[in-house]
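Quick setup: one chain, the form predicted on its own, written in structure tokens, and binding and motion questions come after.
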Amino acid sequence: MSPVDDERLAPRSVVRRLLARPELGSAVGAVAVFVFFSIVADSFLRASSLGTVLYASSTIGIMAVPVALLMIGGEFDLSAGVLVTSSALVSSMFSYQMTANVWVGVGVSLLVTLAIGAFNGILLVRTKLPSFIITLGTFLMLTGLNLGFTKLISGTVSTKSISDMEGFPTAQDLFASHWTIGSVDLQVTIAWWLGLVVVATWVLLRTRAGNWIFAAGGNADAARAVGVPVARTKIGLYMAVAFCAWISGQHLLFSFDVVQSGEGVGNEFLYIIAAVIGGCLMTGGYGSAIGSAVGAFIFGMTNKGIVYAQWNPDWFKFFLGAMLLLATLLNAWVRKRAEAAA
């Protein structure tokens, strides 16, 4: 058989390439959600509403990106939500207690947060325990530490104000500024979110590390057999989650000046939901950073669309759960079609 006749070398059609994309199902879902709220909520299509929807999406999307990469690598992180709060608390309390420039606290927070991410990863590869168990333990420890240290140092469940300290305005510009374009108010978190999506997509599709992530999540034993540094890859993924938790934590701190120690509990499920809606499989080895962004955008549209439609916000969790189930079923169907068309 000549190379020309070999069907494996034949170019795939546009339809087949689209069916092979993990984010296809979420893109269809995003269009459906957009059309739905455009019909039931008149204010949803206002230009000013766009900034609100994008901001709600970005606060979830910043964390959904590394969580998606971690899920592609075959693992979970249930401590991601409280780690955001831990990052903010370390920055605030270190700066206040040491009476230093707030950038010192920000730097210390980065080191502490990365160390927690490395702890999760190292414990995972050393003990071989499921990531669910390890990060659940970290979640519980961080929840207790956040509350215990805050009450011990501040005497209350919230941190002291650091808005009058040196370096606060410049840190606020980086982590919590915003721009107004016409009637649209755009938060800096949107730029952080989109930048992370671009970098993560490049890593997944254009670098050796991206191949390692897919291989480690698809079949870790087979990946090790061909020389993939599975342990190092998974530790790096947990540190990537920690880095993005640091970004989100600094935004939390410099947006509101003070931090409540109990914040962040439960947000880890929102990050995982955004990744799953975006096409990541619970079994690992499949997904995309772009899909996580679409999943976060669906979250933002639903979150704010319910408000614009003047519905009871108590229904939000119901819609979120329904979307999770529908997205999981749709993603499974799309993947089967992609495998059949390959």
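Residue indices: 1-based, along the sequence shown. The model shown is predicted, which means the values in this text are computed figures rather than measured ones.
A second form of this protein, the form predicted together with another copy of the chain, is not displayed here; the remarks below concern that form.
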Next item on the list: Sort through 307-315, 290-298, 24-32, 62-70 and report the only stretch with a non-hydrogen atom within 4.5 Å of another copy of the chain in the predicted complex.
Entry: 307-315
Next item on the list: Give a yes or no on whether every one of I133, G137 and T143 sits within 4.5 angstroms of another copy of the chain in the predicted complex by heavy atom.
Entry: yes
Checklist line | Option touching another copy of the chain, based on a heavy atom within 4.5 Å in the predicted complex, out of L194, L147, V104, A231 | finding: L147
Margin query: Can you work out whether V108 and another copy of the chain are in contact in the predicted complex, taking contact to mean some heavy atom pair no more than 4.5 Å apart?
Written below: no
Checklist line | Contact flag, L123 vs another copy of the chain in the predicted complex, heavy atom cut 4.5 Å | finding: yes
Next item on the list: Answer yes if any heavy atom of W179 is within 4.5 Å of a heavy atom of another copy of the chain in the predicted complex; otherwise answer no.
Entry: no
Check: Heavy atom to heavy atom, is V199 within 4.5 Å of another copy of the chain in the predicted complex?
Finding: no
Checklist line | Heavy atom within 4.5 Å of another copy of the chain in the predicted complex - qualifying residues of 264-286 | finding: F269, I272, I273, V276, I277, M282
